[in-house]
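One chain comes next, on its own, written out as structure tokens in the form predicted alone.
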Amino acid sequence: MRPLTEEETRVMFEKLARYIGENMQLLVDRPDGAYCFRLHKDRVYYVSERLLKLAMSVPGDRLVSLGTCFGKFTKSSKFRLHITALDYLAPYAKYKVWVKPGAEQSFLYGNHVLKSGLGRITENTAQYQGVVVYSMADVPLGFGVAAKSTQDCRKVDPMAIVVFHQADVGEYVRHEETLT
């Protein structure tokens, strides 16, 4: 387990900025203690510094995971967010999308959100902006990328895609063997 390099930190923070904007500082400087990001086997973990000090006594080859997995770096050095980061992204999300109850199941099976399933969308959401997807009961379901801006969503066909799916809580069941 090692700290992220400058390039890895830049790539990861650019991805996080698409979802939570300038609220990234709130992830690191929390009232319950200092937190940091660490890399282990191409996965980025969000861990408290207190827990990190305790884990230093464990050899790296014996360590499976530590803290919360935020995502992983692909072989082409791109950062991919995992659904395990949703609990930390949702409270700080700048742009949100609420889906109707009938469209929740479709989204949780890995499908994109259609205009017919869109309940609400945050004002001034730009096209290709990262969004957190909520149920109408304000339960975070996952995250994706806005396929249309807020203004375009008002006048688009009901069967048009408005949010591209990236991750959802259904992945816990669909990919439980590979999530660490």
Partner chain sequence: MGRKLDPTRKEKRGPGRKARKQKGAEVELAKFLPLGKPICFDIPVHPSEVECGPIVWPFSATRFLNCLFVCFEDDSEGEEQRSRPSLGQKEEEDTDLQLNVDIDEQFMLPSSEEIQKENILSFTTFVACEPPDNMEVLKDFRNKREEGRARQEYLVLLHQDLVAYYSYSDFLLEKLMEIFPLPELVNFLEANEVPRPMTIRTNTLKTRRRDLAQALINRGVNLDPLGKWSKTGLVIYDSSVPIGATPEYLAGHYMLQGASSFLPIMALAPQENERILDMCCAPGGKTSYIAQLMKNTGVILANDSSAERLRSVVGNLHRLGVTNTVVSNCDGRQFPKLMGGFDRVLLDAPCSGTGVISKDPAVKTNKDEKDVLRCAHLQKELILSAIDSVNAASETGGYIVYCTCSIMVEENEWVVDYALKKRNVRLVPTGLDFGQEGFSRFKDRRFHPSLKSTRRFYPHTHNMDGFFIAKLKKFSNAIPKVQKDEEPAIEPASQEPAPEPTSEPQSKRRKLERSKVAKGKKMQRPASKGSSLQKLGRASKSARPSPRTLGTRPNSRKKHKMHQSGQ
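Residue numbers count along the first chain shown, from 1. Note that the structure is predicted; figures quoted are calculated from it, not measured.
FYI, the form predicted together with the partner chain isn't displayed, but the following is about it.
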Item to complete: Indicate whether the candidate residues Pro59, Leu63 and Val169 are all in contact with the partner chain in the predicted bound form, with contact defined as any heavy atom within 4.5 Å.
Response: yes
Worksheet item: Which single stretch, out of 125 to 133, 112 to 120, 148 to 156, 51 to 59, brings residue heavy atoms within 4.5 Å of the partner chain in the predicted bound form?
Response: 51 to 59
Item to complete: Would you please decide whether Gly144 lies within 4.5 angstroms of the partner chain in the predicted bound form, comparing each non-hydrogen atom pair?
Response: no
Practice prompt. Would you check, heavy atoms only and a 4.5 Å threshold, whether Leu39 touches the partner chain in the predicted bound form?
Written response: no
Discussion item. I'd like to check something about Val139: if you look in the predicted bound form, is any of its heavy atoms closer than or equal to 4.5 Å to a heavy atom of the partner chain?
Written reply: yes
Discussion item. Whether Phe79 contacts the partner chain in the predicted bound form should be assessed with a 4.5 Å heavy atom distance threshold; does it?
Written reply: no
Discussion item. Heavy atom within 4.5 Å of the partner chain in the predicted bound form: which residues of 97 to 118 meet that condition, in order?
Written reply: Glu104, Gln105, Leu108
